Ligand code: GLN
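First, one chain by itself in structure tokens, the form predicted alone.
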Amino acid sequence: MHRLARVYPYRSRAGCRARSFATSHSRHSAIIHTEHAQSLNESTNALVSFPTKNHNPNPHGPLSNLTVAIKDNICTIHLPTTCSSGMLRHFTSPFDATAVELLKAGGASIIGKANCDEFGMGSLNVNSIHGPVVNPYHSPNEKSIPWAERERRSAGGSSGGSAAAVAAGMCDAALGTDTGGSIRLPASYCGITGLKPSYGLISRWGVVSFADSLDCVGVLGKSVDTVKTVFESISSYDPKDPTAATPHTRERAKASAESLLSTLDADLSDPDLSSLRIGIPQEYFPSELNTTIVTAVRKVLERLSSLGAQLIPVSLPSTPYALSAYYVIASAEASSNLARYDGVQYGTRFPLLPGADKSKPGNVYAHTRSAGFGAEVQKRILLGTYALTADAFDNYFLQAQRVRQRIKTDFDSAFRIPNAQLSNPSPNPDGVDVILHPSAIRTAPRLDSDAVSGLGPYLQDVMAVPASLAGLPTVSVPAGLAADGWPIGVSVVGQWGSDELVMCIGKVIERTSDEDDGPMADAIFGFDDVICGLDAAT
């Protein structure tokens, strides 16, 4: 039980990055990695299945030094894909998802499947037939307390298992999926890096659908470099995915960001950011935001400003409506996608109770779905089904789609880089290059607290859903510790297709986060005028 504390030691206040067993023992076999991961997993419940042998078709590929965990809603031919649901408890896919195929082709070693919220529905990874994931972070406030006696906090969700596996040093990187913050929130809670890419850049072929227009395969890793390496290996066009961005659109987006990227060198100790314009959205600093998170964000902005970056106040006026629109759209799409699980065509069939009427197919379907789906999935199916009814369609689903379009327009108006997905984008020379905001409104909540029940879990996504609705790339990187000693993350959001740019800025934040922060210098920033909502939040 105490091995985890030795592998995941207390780290510097700003760094919050885990040391990876896989990297420090790169010469060991994949089976040794798996055995070590299994020993660590007893304390975190991050992984739910492990390979019995190494299925690596390219041991000398560019990813041969990496071990990777796969979220349990991404299909793998040699491991079960349960989606943490009783409905798919015994399912093993006959094929690998495209992202998994590309990882294997690159030589990566798959160490296991990662726990998640059922069908990706949740923000704290407590809605799982495998049980909740325990955050492996070791707070400096508890460094003298044995693991078995310290408080248990959430790893975030729905990709909590992926984040915890990376944070605990079980693997170098992990694949997750992000529908409304399911990569960025766990990354923030666990003190690691998490990338939600531009919608359509990574193939969704082989990903069990939650909400088709929102789901993205993303990467979690111990550093921006690791995340970037994996991302570049799997972000290729896939004709099997009907939502994949075309090669032409990818090239347009790359060309739009190229001129700015050519002026940035994140590998330098003091990169010149004088050409970079960073937007600070006032709507992302609500009164509910923890004050120590505001302080951490201020310090990140101070470091970026000292490197020459310009801080520009921006307004995204539709943001307050994003969370409501997200839950209507996501639940409606989930209702449609999960209709297939009836125990006859798809899913585990649960036998009827003795004496039940078997003459009506509806009874058979209803019993299977009631027994196979968890409470959270059932709730969202009911909500989504209602939103799609004739009486509610106009007032809920269509209205949510209108809000979504306004959110996209807000972002397009704020960015200087044009949206490559539009046929005739309108350039905004006075716009910003990236937007920076806190990844979450708080640090990881205790698993036994009120935050994991009621409306608490739904509010965790409030910072993340606007970028998901707009399909924009976002990377969450560690930004220090809150007053309670737990990690804080900041998110960098870019225009569609600017994934390399947001990772570049993320790397700058990562490289400077270990510096000893001096006194705040409001005169440098003019915080009262520039950062708008920050002072109101404090």
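Numbers follow the displayed sequence, beginning with 1. Since the structure is predicted, the reported quantities are computational estimates derived from the model, not experimental observations.
Another form exists, predicted together with glutamine; not displayed. Remarks below refer to it.
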Problem set entry | Contacting member of Pro466, Gly181, Gly156, Gly194, with respect to glutamine in the model of the complex [4.5 Å, heavy atom] | Gly181
Seminar exercise, completed: glutamine in the model of the complex has a heavy atom of only one listed residue within 4.5 Å, and of Phe285, Phe411, Tyr137, Tyr326 that residue is Tyr326
For this session: Identify whether glutamine in the model of the complex is within 4.5 Å of every residue in the set Ser123, Arg380 and Asp461, based on non-hydrogen atoms.
Result: yes
Problem set entry | Phe210 within 4.5 Å of glutamine in the model of the complex, heavy atoms | yes
Problem set entry | Answer range among 146-154, 275-283, 392-400, 115-123 for contact with glutamine, defined in the model of the complex as heavy atoms within 4.5 Å | 115-123
For this session: Could you list which residues of 231-259 come within 4.5 Å of glutamine in the model of the complex, counting heavy atoms only?
Result: none
